[in-house]
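Okay, so here's just one chain, in structure tokens, the form predicted on its own.
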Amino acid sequence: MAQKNILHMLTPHKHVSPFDVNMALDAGYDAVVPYEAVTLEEVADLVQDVIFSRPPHWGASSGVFFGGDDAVLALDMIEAAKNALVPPFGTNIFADPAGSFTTAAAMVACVEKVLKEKKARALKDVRIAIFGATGVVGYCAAVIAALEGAEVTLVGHSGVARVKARADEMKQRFGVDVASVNGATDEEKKAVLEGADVVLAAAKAGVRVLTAALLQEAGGKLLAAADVNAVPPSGIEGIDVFDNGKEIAGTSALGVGALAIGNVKYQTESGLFKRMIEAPEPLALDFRDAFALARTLAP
């Protein structure tokens, strides 16, 4: 009987992501099977159907992928999948909700590379302010940076309550301390920039959070700024989507644009799918694994 590489793609939404389907098949999976409107409570039964339908030594030829657009739910689904395993039966497990794990990993990896090569700085002790921090990309970027020793601040756009709740959640789940502030007005954004070395913009597509004037007022304090928004207008004015360490006009800060980040994101997601296909034993992958790989791919 021929052994096939089969990926079972689960999402809490009505549809799985066509992006992820294409990525998985192009990476080398023989079949990708969608499961839609999946709840957390249903994960264990589905995972056990995956593992018990094949002999234990075929475990690495099966994979379970979690999509959606909720980073915390995806992490919970990973844990539910792990808890459902019955050794020696196993399967690969990977989550990338809305592409957020690989996008956040790519953004932080690209900024880290720029800081290291052009500013002689590491992530440790760098003050990073994140706009769009309640979204999936901002959430993951915050945790990745905090785990690397950065001083992270989550910036809210409608008060501090939502970002404070996210900060508390990060502390409970990952043991990291991150600050939270409001950044709705230009005056509040100025205050954020005054206390930041790096700015990450992960706000909703087509929403500008920082103008060129605000960046210029920050003077020479800002080391770098990154924006994952490729839909006009950009999240940070003055950063081209292809920029990768280019100085932002009127400042000494180095810009990293959405397509520069996206190129690393694409390679990271594809690389993790390939890693599962090639693994001799089943793997469990999340944004920390994505960051480890993205670090090796950042140009």
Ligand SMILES: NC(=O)c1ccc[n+]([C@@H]2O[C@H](COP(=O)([O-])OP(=O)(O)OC[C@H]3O[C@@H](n4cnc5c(N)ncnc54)[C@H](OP(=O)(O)O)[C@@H]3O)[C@@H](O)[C@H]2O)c1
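Numbering starts at 1 and follows the sequence shown. Here the structure is a predicted model, which is why all the values come from computation and not from measurement.
Keep in mind that the form predicted in complex with the ligand is not shown, yet the notes after this line are about it.
- Not one of Ala2, Ile6 and Gly59 is positioned with any heavy atom within 4.5 Å of the ligand in the model of the complex.
- The ligand is not shown here, and in the model of the complex it never comes within 4.5 Å of any heavy atom of Lys119.
- Contact between Leu272 and the ligand in the model of the complex is not found at the 4.5 Å heavy atom cutoff.
- At the 4.5 Å threshold, heavy atoms of Ala205 reach the ligand in the model of the complex.
- Put simply, Thr103 is close to the ligand in the model of the complex: some heavy atom of it is within 4.5 Å.
- Contact with the ligand in the model of the complex, defined as a heavy atom within 4.5 Å, holds for exactly one of Arg162, Lys221, Arg127, Lys190, namely Arg162.
- Heavy atoms within 4.5 Å of the ligand in the model of the complex belong, among the stretches 134-142, 73-81, 191-199, 172-180, to residues of 134-142.
- Residues Ala258, Gly262, Lys265 are the ones in 251-271 with at least one heavy atom within 4.5 Å of the ligand in the model of the complex, listed in sequence order.
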